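Here we start with a single chain on its own, the form predicted on its own, put down as structure tokens.
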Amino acid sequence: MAEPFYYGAAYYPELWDSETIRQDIEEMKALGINCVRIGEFAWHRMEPQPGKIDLRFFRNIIQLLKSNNIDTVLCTPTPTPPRWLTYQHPETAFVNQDSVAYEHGARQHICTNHPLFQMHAFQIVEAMAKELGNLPGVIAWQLDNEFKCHVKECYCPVCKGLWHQWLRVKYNTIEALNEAWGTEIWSQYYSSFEEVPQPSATPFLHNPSLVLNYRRFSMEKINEFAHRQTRIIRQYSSAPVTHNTGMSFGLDNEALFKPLDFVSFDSYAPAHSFLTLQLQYDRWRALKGGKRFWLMETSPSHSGNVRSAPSPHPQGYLRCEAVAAAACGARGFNYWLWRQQRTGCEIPHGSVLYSWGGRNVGYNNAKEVGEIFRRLEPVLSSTEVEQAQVGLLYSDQARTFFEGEPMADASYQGEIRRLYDVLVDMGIHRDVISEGAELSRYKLVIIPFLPAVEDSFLQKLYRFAEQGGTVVIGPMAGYRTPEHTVHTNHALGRLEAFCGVRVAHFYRADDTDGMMKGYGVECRPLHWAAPCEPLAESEELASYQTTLHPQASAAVRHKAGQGYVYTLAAMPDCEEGGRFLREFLGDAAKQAGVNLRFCTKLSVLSVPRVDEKGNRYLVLVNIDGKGDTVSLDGNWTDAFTGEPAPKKILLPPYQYAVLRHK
């Protein structure tokens, strides 16, 4: 039996009386809602006094929902500890980089590493798992809520002690740490692990090796907290476990989700930034090898809080967002939130219903989406997203490097988006992958903006290329060591041998007279550049010209085993740079034998799906709200009516089509 598609919303029954809850359930049924997410902020309702845990209310709610054919995603309430905990134990507070302890009143204001907090947190999780975990209707668990969304690294005394333990395990001796970080600079040499500070407020800038490692420590510790919750839940409940992550949170998502059952994420991308949302669809689908994912939070109209409330989505945008999610592999699509909250800092946030029960501005769009999901379900349940031939790397470790050293104020996510947009515009079906991805699934992998290339990952790339794969390296890859120091053998360390180049210079190229010339295009370099010279079995594809140094190469192709390595020396700028990127990536895709391409454009998303017999389906969605015409190669029919599809298919604003290949 195929897994159902879950269409739902975040719900907070602890905020409403029984009559309102009854009305909400009737309205949910009318709208086609078949699941709700509950519990993540309700710790005080579950445990109003220390040790006095009472879960009867939530047991009754889960049972009431199930009797109305509505399933439940049950959340652990650890992002909002009750006031009795923080009042009686102020030492558990989260401490920011300026050594200021956070006050109770928001969320994520407590140190998740503090042993007293963990004791209470694991007690409530265990009680929930025992009493509620196997109730009919509990279809999944969500851990906490948006780990490291509002905070990143804690600087409290407990974290300081754990930090020193972490360093001892990683480096074994203080001499090894001093060597790795180069601490002779500015008299930073340490005589013991206890002397190593946390990178809190300082007159100028900390050693980037210290900052990077503290961030890694923080990411590992929040993952330990998540995985401990997961182990407790699995002692008593067979329901799968997930977490609602985000692109910019201070997390190592690959490590976080490794022991979890499926990926879910939250996104409130507005209509003008739809491709940021689409990138996330392609990333979260690929994170666990192409398995299912959920969009756990999005708005039916707009996001908002008392400091900021944007305008509602354009009419039809929600349809575009929902169809694209389902086409890309989502098995859950959920709103935040069902009924507008009448109190608190998020009272302006969009919802399905207003707090007084009226239908919010996004209601009719949400109703339409429910009807669309019912229409799409036969295709969704009998097909899966076709395996992409191209993988574009998005690395949380790289993002962490850029947070410590922005490199000409380059936005890591923004620059990945620029490359991603080019792939979309070229009609290339793609995954957005992490370092742990199985590269043999792809013909072409693109490795941009990766400051440090770990030896283990470099060996993966060697094996991939030697076995016939094509790799694109750069721009701005390999210029730092994994400890955030500079190489002392070559500009890009061991990466240069893999690329078949020698890099003589690495510098910020903005506002210089540098020019990249190739593929019939001339364009300026952006951010930092690594002009290079081809070595044996390498050929120049584009030149790099400047008065700062002798002419060099801007793009190089190198034969590596049965495959090829393409090197891009700098990010090309402006419209001409976009043309350069399309030609450069098109060359690499052709060399790799990429043939999973469609005649689409930036205004229209295309997602191929296949059934178990190998029949191909194509979902097309207009994403710019202006409508467009798409030319189709081959013979296609409308998947719903069976009628032949025209060679040029018109998609009105935010509309979609589902086609089947004849």
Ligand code: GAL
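What you are looking at is a predicted structure, and each value in this text was computed from that prediction instead of being measured. A residue's number is simply how far along the shown sequence it sits, counting from 1.
Just so you know, the form predicted together with beta-D-galactopyranose exists too; it's not on screen, but the next bit is about it.
The stretch among 95-103, 521-529, 418-426, 343-351 whose residues place heavy atoms within 4.5 Å of beta-D-galactopyranose in the predicted complex is 343-351. Interface residue among R107, H114, H487, H484, judged by heavy atoms within 4.5 Å of beta-D-galactopyranose in the predicted complex: R107. Only one of the listed residues (S303, T383, S553, Q229) places a non-hydrogen atom within 4.5 angstroms of beta-D-galactopyranose in the predicted complex, and that residue is S303. In the predicted complex, none of the heavy atoms of F598 sits within 4.5 Å of a heavy atom of beta-D-galactopyranose. Using a 4.5 angstroms limit between non-hydrogen atoms, D266 touches beta-D-galactopyranose in the predicted complex. Although the partner is absent here, N253 sits far enough away that none of its heavy atoms falls within 4.5 Å of beta-D-galactopyranose in the predicted complex. beta-D-galactopyranose in the predicted complex comes within 4.5 Å of no heavy atom belonging to F58. Relative to beta-D-galactopyranose in the predicted complex, residues Y6, T242 and F293 are all farther than 4.5 Å at every heavy atom. Interface residues of 15-48, taken as those with a heavy atom within 4.5 Å of beta-D-galactopyranose in the predicted complex (partner not displayed), are limited to F41.
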